[in-house]
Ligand code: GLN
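So this first bit is one chain, no partners, the form predicted alone, shown in structure tokens.
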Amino acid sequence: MSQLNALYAWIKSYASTQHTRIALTEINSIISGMTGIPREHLLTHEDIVLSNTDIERIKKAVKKRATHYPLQYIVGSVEFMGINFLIDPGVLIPRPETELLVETALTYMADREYRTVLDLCCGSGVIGLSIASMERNAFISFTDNSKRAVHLTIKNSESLGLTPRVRFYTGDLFSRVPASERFDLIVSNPPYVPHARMRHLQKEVLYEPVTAIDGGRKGMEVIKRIIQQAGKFLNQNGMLIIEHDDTQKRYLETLCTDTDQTALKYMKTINDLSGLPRISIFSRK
């Protein structure tokens, strides 16, 4: 038996003793992440030789994954919009459904020739950096209340060569954004999961920062604050595009009225690939 096949056999046996299963794609991601060997190379070269140090690191990572520790934290990266981003423990792991937010933003940017964007609650920066990667004339600002998240966004912007077109703030929502700043577009994936649903989330999510997920009793605490404040930071024809829970559409539709003090009006909600309401769009009144 080759060294690689022996390692696969050990992983399968260990996972069985832990009453769990680790998919082959995840195993190869772990091996690749620990050794630098491309995943596709693992599928075609079973005679690969691994050092004892590599094997021990792989086994340690597998044991961690068997506890439902997120694979992305183990390998230190995540793919989003076809781009490889760094990811660290303590920062929210981007989800595939958030790609709809980026795709929607890019559509409006092309139609309205938007150039200035604020990625609010930026986390690892994948939303704004994806936009910057695909819109070469865009200038993106990022803000988050987590210093760790902002530091990771800076690292991701450097690795993608985007630093000339980005700016960073650390603070609660708009608190550190200069009052005179105006944007064509604000995009945000804020904490929005209703508190009662937190206990029903996958075990992997329990390793992620609660403050980036828990949106309060109805999941709307941060979203309401964003909608109340965002209009003051938008240009006259600017827009806010925000991701939210699939239970919140009706509330968002009625949140902005002609008599309230917000500077925004509700435009529409877009469903995700599962047919669930996921992205809502607001424009400056």
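In case it trips you up, residue 1 is the first one in the sequence shown, and so on. Owing to the predicted nature of the structure, the values given are computational and were not obtained by experimental measurement.
Only in words, not in the display: the form predicted in complex with glutamine, which the text now covers.
- Item | Candidate from 192, 85, 174, 73 lying within 4.5 Å of glutamine in the predicted complex - any heavy atom | It is 192.
- Item | Residue among 78, 206, 154, 213 with a heavy atom within 4.5 Å of glutamine in the predicted complex | That would be 213.
- Message: Counting heavy atoms only and using a 4.5 Å cut-off, do 92, 95 and 278 all touch glutamine in the predicted complex?
- Response: Heavy-atom distance to glutamine in the predicted complex: all three under 4.5 Å.
- Item | Interface stretch in the predicted complex with glutamine - options 126-134, 156-164, 183-191, 106-114, non-hydrogen atom within 4.5 Å | Selected stretch: 183-191.
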